[in-house]
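Given as structure tokens, the chain that follows is alone and in the form predicted on its own.
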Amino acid sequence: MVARDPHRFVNELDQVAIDRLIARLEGRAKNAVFTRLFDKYAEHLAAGESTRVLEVGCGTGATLRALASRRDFSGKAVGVDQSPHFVAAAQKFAGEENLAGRVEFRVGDAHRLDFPDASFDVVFAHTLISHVTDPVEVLREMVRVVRPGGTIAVFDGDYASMTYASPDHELGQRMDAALVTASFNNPRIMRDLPRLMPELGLKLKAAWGDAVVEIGSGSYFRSFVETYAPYIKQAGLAPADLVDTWLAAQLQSMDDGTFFASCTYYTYLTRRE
């Protein structure tokens, strides 16, 4: 069997799996461990009353809704995602939060955006680029639809750095690698972006990294491993009983206060030349 990133192939998943991903995306959006990372760069996306902002790969719209809810944002916010189920969820959640008139969600392919050239002042991708089929093509499309001088922001994890502690270090390394392979099509893409950006006509304005770490207890990493560990078994990357035993040990360590997990995330703010 071959690993198939569930977000990349979301339109081939059954409803149970889709509902699990929706819950994961919405839960992550409310997790203080993770939301602080968006808050660090959101102010760079919200300038100007007439600012036109596009989020590529918006998922359930959680990040775009957070942006539209900011006091310093009064522009137009549009989100695109390949999954009709995610877009329907995004529209539903926006209505529940009284944001339906401030955000717009569409079904679309990040590799072929259905917008004219230079349609937006800001285009951003929040944990998208690690999942797509062709990162360079997606970035090229983001460059195309942003105006000259406009901002492109990319936020994602360097998932080759993701690790869950295990008293058996060899097993821990094996399961870390299996979890990442099962979950991400491009786990090292953030290492490549500084080299790729100039080739795409982007000038790096600012960049930084943040370690997401949970020690003792787990919330962000609990949701992550509960959502994605089953894909290790589906891909045949490790025996099912081994995955179940490893997962049970991770959850037990969260309960007894001995847990450790970490991953490094990066934010790139760029300008289209």
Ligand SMILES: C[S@@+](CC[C@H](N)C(=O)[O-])C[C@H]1O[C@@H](n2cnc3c(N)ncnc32)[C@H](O)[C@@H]1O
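Here the structure is a predicted model, which means the values were calculated and not measured. The numbering used is simple: start at 1 and walk along the sequence shown.
In what follows, reference is made to the form predicted together with the ligand, a form of this protein that is not presented.
Colleague: Counting only heavy atoms and a 4.5 Å cutoff, which of 239 to 247, 23 to 31, 215 to 223, 200 to 208 contacts the ligand in the model of the complex?
Modeller: Among the candidates, contact is made by 23 to 31.
Colleague: Taking Val53, Asp121 and Val143 as a possible spot, do all three reach the ligand in the model of the complex with a heavy atom inside 4.5 Å?
Modeller: No, the whole trio is out of contact, none within 4.5 Å by any heavy atom.
Colleague: Is there a non-hydrogen atom of Val10 within 4.5 angstroms of a non-hydrogen atom of the ligand in the model of the complex?
Modeller: Flag for Val10 set to yes.
Colleague: Quick one: does Met162 come within 4.5 Å of the ligand in the model of the complex, counting heavy atoms only?
Modeller: So Met162 does not count as contacting the ligand.
Colleague: Residue-level question: is Thr181 within 4.5 Å of the ligand in the model of the complex, judged on heavy atoms?
Modeller: Output for Thr181 is no: heavy atoms all beyond 4.5 Å of the ligand.
Colleague: Wondering, does Phe86 line up within 4.5 Å of the ligand in the model of the complex on heavy atoms?
Modeller: Result yes; Phe86 sits at the interface with the ligand in the model of the complex.
Colleague: Out of Val132, Met175, Met190, Ala90, which one falls within 4.5 Å of the ligand in the model of the complex, going by heavy atoms?
Modeller: The residue in contact is Val132.
Colleague: Just one of Gly75, Gly157, Gly108, Gly150 has a heavy atom within 4.5 angstroms of the ligand in the model of the complex, so which one?
Modeller: None of the others qualify; the residue that does is Gly108.
Colleague: Just to make sure I understand: among 224 to 262, which residues lie within 4.5 Å of the ligand in the model of the complex, judging by heavy atoms?
Modeller: The stretch does not touch the partner at all.
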